[in-house]
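Have a look below at one chain only, the form predicted on its own, in structure tokens format.
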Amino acid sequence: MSAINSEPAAYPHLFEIKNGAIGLPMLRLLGNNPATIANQLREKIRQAPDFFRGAPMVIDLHELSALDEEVDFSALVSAMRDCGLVPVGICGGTDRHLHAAQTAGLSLLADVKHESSHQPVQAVDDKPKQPAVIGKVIEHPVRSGQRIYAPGGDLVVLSQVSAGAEIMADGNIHVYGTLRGRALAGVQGNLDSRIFCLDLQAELIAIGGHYKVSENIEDSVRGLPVHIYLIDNSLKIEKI
């Protein structure tokens, strides 16, 4: 009988662990009532179900840091999952919040630049403090099902964005063609980001988490070159 080789077989590496730059939407808590939050989430998601379905989301506790009360993370996580969201972790909050979140199976995520909801929005005529940084330039059409993200800067698309495609950037988005898919600028919370396109026919546009779906875009700006920015927590669409 031949001897059995006890040495493990050599296999090629099947995975890598790397740092990534992924912009995740954030649920910023302004109060602590899971039932009310669930009802308001359902109403919000009803407006854009395809945008939110299966979306990973961070729970932002900065506004609750000053409150000396517990957060029922189990109920909150359950409510978010019932709405089709995927809660992945928290940022901000107190040590008490952190312990309760970890008990509920949530991760502590690295803190990000926090834009308080009580801060005034920068006027549209104000010049940005920093020059734009181009994060990525796409020369070919962005086809249905594709998702392109430009971390740390602007995204420039020199062609069209098809229906069913999604483009995202930490900074501004420029589309030198028809925008039919979804465009999300300022995904890390930069409310000064803007969207420019030569032909607006988008399914969804968003800046810093504030969005409009196709049904809410006025016919007067459809099919035209436009400039989109955020003012007073509302998206403003202007013809170029």
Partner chain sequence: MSRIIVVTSGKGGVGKTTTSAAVSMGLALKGHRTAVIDFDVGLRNLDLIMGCERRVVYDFVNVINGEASLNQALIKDKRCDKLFVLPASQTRDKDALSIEGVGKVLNELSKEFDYIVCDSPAGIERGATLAMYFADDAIVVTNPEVSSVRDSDRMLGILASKSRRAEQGDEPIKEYLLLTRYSPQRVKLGEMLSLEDVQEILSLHLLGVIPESKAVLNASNAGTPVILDEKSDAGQAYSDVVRRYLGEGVPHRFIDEEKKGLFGRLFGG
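Positions refer to the first chain, counted from 1. Every value quoted in this text rests on a predicted model; they were computed, and no experiment measured them.
As for the form predicted in complex with its partner chain, it is not shown, yet the points below apply to it.
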| property | result |
| --- | --- |
| Heavy atom contact within 4.5 Å of its partner chain in the predicted complex, the stretch among 96 to 104, 166 to 174, 69 to 77, 141 to 149 | 141 to 149 |
| 4.5 angstroms heavy atom contact with its partner chain in the predicted complex for residue 60 | no |
| Non-hydrogen atom contact residue 178 with its partner chain in the predicted complex at 4.5 angstroms | yes |
